[in-house]
Ligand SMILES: CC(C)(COP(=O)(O)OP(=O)(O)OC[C@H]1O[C@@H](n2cnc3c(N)ncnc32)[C@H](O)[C@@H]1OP(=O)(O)O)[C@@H](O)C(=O)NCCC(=O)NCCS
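Only one chain is shown below, in structure tokens, and it's the form predicted on its own.
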Amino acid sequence: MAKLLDVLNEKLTGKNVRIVLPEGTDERVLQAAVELHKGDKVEPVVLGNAEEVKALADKLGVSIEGIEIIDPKTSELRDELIASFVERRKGKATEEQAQTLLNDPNYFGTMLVYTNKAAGLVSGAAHSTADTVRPALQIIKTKPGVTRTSGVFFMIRDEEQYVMGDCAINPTLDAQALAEIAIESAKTAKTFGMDPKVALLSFSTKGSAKTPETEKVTEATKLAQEKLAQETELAGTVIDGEFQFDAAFVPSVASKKAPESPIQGDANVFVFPSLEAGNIGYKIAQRLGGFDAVGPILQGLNAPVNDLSRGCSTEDVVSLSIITAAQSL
């Protein structure tokens, strides 16, 4: 984890990137805001009732002097954000509905990002993933050419660093969606200083088994390679499949099972064929392999919004805020 944060801290020094923290009355979030405010990399924008936030700060024995605190229910920005929300939803929400929705700190915070009053948002310490992601999908939406958001984890152990996805968002994926996630995962890896070598995973290596499931991954690989040729920012990136995990990760296995592949046991970005495979896979690496799992990092959105675990620590909030800020650059 330290290696990843070192890279990001170097990129962010002096930037003071504004990141919204909607859960200002959560102890972990407020403590993280205080820690972030001490530096020059991330400037937290804390949402919540000012009196409640101050009472919590007094209870924790921390100073919130200089930290921007916005109450979604009384903010002078409400009218502007409500009008922008109604316009963005294009007939799917009335002004009255918007007034109610923007009482929700996640909706209010997402509108701050959409209107460029902040660069990104981190939530989820006291909200479900759906509560965090839904406003982002409705308001910020996905980038041009991207049909869905997806969630990756950085898996870190000592000097080792990998990306695994989709482990958080999409229960089922067709070949087109897998290809898209492969490209977006490569971009995420590159953003964080990695040289992406992307392996699309299956229970077959290079046609050793033929089923609809393996052929989906084979087709996804072809589509991803075609997309890669159009992505100038990914020059030098390698994408290949389909691989069993050992063929993507162990050089001696790769030389036997996929001798013609440009990936020879040195993949560092792993794209799973389904959410169940991805979620199981990263948790095995975390619990049996001793890797730190950082994420999920949401990708494919027009601006970064990321989701915390409700069991997160203050350190997790700080780390994810730094990652979110780096995504915005």
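Given the structure is predicted, the values throughout are model-derived calculations rather than measurements. Residues carry their position along the shown sequence, with the first being 1.
Absent from the display: the form predicted together with the ligand. The rest refers to it.
Student: Any chance residue 149 has a heavy atom within 4.5 Å of the ligand in the model of the complex?
Tutor: Looking in the model of the complex, residue contacts with the ligand include residue 149, since a heavy atom lies within 4.5 Å.
Student: Closest heavy atom of residue 170 to the ligand in the model of the complex, within 4.5 Å or not?
Tutor: Within the cut-off, so yes.
Student: With heavy atoms only and a cut-off of 4.5 Å, decide whether residue 294 touches the ligand in the model of the complex.
Tutor: Residue 294 lies outside the contact set for the ligand.
Student: So in the model of the complex, does residue 223 come within 4.5 Å of the ligand, heavy atom to heavy atom?
Tutor: Heavy-atom contact with the ligand at 4.5 Å: absent for residue 223.
Student: Would you mind picking the one in 134, 157, 117, 256 that has a heavy atom within 4.5 Å of the ligand in the model of the complex?
Tutor: None of the other options qualify; the answer is 134.
Student: Only one of 31, 268, 279, 264 gets a heavy atom within 4.5 Å of the ligand in the model of the complex. Which one?
Tutor: Contact with the ligand in the model of the complex is made by 279 alone.
Student: Please identify, from 240 to 248, 74 to 82, 184 to 192, 161 to 169, the stretch that has a heavy atom within 4.5 Å of the ligand in the model of the complex.
Tutor: Checking each option against the 4.5 Å cut-off leaves 161 to 169.
Student: Which residues, if any, of 126 to 142 lie within 4.5 Å of the ligand in the model of the complex when only heavy atoms count?
Tutor: Read in sequence order, the residues that approach the ligand (within 4.5 Å, in the model of the complex) are 129, 130, 133, 134, 137, 138, 141, 142.
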